[in-house]
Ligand SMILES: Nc1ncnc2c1ncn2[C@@H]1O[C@H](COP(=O)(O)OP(=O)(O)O)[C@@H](O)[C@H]1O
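So this first bit is one chain, no partners, the form predicted alone, shown in structure tokens.
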């Protein structure tokens, strides 16, 4: 299963969730690798620090491939990743700026993801007691894709994980990631 993780703007948490979802799949016993197609190389550096997951290599022995993409909707790397994928995961925070960019990202996903393949939103940096955090269903409707029922809260532990790996996460953080990974694996064609 190839999952392209995308958003047309930086700061949504795309790379963080690419690495942490790959780690969650690994923790659940799956053979997983990450392909870092973002020229910034943040996911590659993160994995070099933590060794929580493997970077993808040609002919690698993995069941799940997570593809981290550049935050540019006109990127050929994003378009290629979507065209090769079984599923697209749009990472978005519940904010107006992410809402607008996510709407634009949906158009790119629809243009490049092969017909019949699922695309979902994973809401990130959610603060459940805020106005926008309480109504993720309406935001998903405005963006134009169904959302995973799992969402990722705003926690310092996710930033710490870039240096300390999966072990930096508390139980609640791990559970959110494992629930998102479980929902994604159920989308497998």
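Positions refer to the first chain, counted from 1. The model shown is predicted, which means the values in this text are computed figures rather than measured ones.
Same protein, other form: the form predicted together with the ligand, not shown, and the subject of what follows.
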item: Listed range touching the ligand, judged in the predicted complex by heavy atoms within 4.5 Å, from 122-130, 58-66, 23-31, 138-146; value: 122-130
item: Triple contact flag 2, 181 and 188 to the ligand in the predicted complex, non-hydrogen atom at 4.5 angstroms; value: no
item: Close approach of residue 165 to the ligand in the predicted complex, 4.5 Å, heavy atom; value: no
item: Contact test in the predicted complex: residue 174 vs the ligand, heavy atoms, 4.5 Å; value: no
item: Touches the ligand in the predicted complex: residue 35 (any heavy atom, 4.5 Å); value: no
item: The ligand contact in the predicted complex: residue 152, any heavy atom under 4.5 Å; value: yes
item: Residues within 4.5 Å of the ligand in the predicted complex, restricted to 1-22 and counted by heavy atom; value: 9, 10, 11, 12, 13, 14, 15, 16
